[in-house]
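Quick setup: one chain, the form predicted alone, written in structure tokens, and binding and motion questions come after.
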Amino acid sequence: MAGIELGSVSKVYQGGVTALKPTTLTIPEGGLTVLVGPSGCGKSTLLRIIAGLEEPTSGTVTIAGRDVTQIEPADRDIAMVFQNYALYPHMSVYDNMAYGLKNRGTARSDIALRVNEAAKMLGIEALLQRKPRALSGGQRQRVAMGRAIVRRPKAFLFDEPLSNLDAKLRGEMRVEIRTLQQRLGVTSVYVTHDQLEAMTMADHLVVMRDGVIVQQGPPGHVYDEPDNVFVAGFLGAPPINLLPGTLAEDGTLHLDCGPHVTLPVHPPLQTGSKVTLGIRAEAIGIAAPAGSLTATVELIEELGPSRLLHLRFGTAKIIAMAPREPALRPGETLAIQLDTAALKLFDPETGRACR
């Protein structure tokens, strides 16, 4: 078993600054768990506690069934890939990848076998004699990954490894890391603030805010069934549309943005309850001219295969995702349909989902 268990782990710095509130988390064996959230939410602190680079104020860390809470980082049998690569500039690629193995007294023949095997896997065989200064950012990241792979650890830890790369290279490296992780089958924990990166890479998604886990699960489920307004708004591009309203006696929802806009919903709420309606851009359809709801086009963002329509909906502004056809222009009035099966209702006071 090579899973990771965190038992009521917390971190409070001097001065009473709480970076991580008591957190219990099971990281599944063999999968890729992504910790995602805004800057300062505690995700990197959690990763560093797993690595042993931060000592928890309370709680326990277990890796592969072994309590490593008081164990030094070098003895935890984990490998970490950092944002800044952390390569030795005076060493060749080969020596950077071999350095950790040499320190452990690994036989020279075994080192050569592991380094060459990892280099082939990463497509950097031709770079083994170069120095880091002669490499591109993407190549340096591959070297950093190769240095982790050769150790054959029980777990990989990635701390925002792609944040220094341009958008195109980030996309390519996302695929490479995901493919490698699936091929190696090593338990991996990946930290990012990029929700697209998190959604596309994770087997298990953990959303954090203010030092606590606010939701976790398969990425598709977390996206489709957010537990609160924060998760609904953080995941997804463009952000979810949020519209305030009131539940009427006939079971419909009267939206504040328009006096005649009602939607058939049946939440377990009392008549007159204030709610916040959440609907994603892809759940807003461009309806036939006879549609009962209308909106006015204010701005069009072309995405290639689709486009984002910024719409004036009553007194509110919403964003819809639409196909490239039919042709539309700013100022045009559209009939729209809201997919009632995709509506999310939230308590405006607590932010929690109404289910």
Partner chain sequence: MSSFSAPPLRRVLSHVLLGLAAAVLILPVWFALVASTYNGADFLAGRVGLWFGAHGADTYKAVITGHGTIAMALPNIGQALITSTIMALLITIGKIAISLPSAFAVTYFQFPLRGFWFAVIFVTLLLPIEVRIVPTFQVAANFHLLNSFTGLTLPLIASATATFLFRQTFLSIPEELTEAARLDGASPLRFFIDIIIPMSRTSIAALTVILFIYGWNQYLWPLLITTKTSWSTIVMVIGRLSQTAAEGDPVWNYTMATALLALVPPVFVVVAMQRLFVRGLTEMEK
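Positions refer to the first chain, counted from 1. From a predicted model like this one, the values you see are computed outputs, not experimental measurements.
The same protein also exists as the form predicted together with its partner chain; that form is not shown, yet it is the one meant from here on.
Going by a heavy atom distance of 4.5 Å, is residue 299 a contact of its partner chain in the predicted complex?
No, residue 299 stays farther than 4.5 Å from its partner chain in the predicted complex.
Examine residue 53 and determine whether its closest non-hydrogen atom to its partner chain in the predicted complex is within 4.5 angstroms.
Yes, residue 53 sits close enough to its partner chain in the predicted complex that at least one of its heavy atoms falls within 4.5 Å.
Given that its partner chain is not shown alongside this chain, does residue 230 nevertheless sit within 4.5 Å of it in the predicted complex, heavy atom to heavy atom?
Judged by the heavy-atom cut-off of 4.5 Å, residue 230 is well away from its partner chain in the predicted complex.
Can you work out whether residue 100 and its partner chain are in contact in the predicted complex, taking contact to mean some heavy atom pair no more than 4.5 Å apart?
Result yes; residue 100 sits at the interface with its partner chain in the predicted complex.
Between the options 209, 193, 151, 170, which residue brings a heavy atom to within 4.5 Å of its partner chain in the predicted complex?
The option sitting close enough to the partner is 151.
Pick from 91, 107, 126, 237: which residue has any heavy atom within 4.5 angstroms of its partner chain in the predicted complex?
Result of the distance check: 91.
Heavy atom contact within 4.5 Å of its partner chain in the predicted complex, the stretch among 117 to 125, 201 to 209, 278 to 286, 83 to 91
The contacting stretch is 83 to 91.
Would 7, 43 and 49 all count as contacting its partner chain in the predicted complex, using a 4.5 Å heavy atom cut-off?
The answer is no: none of the three residues contacts the partner (heavy atom, 4.5 Å cut-off).
What are the residues of 70 to 84, in order along the chain, with a heavy atom within 4.5 Å of its partner chain in the predicted complex?
Residues within 4.5 Å: 72, 73, 74, 78, 80, 82, 84.
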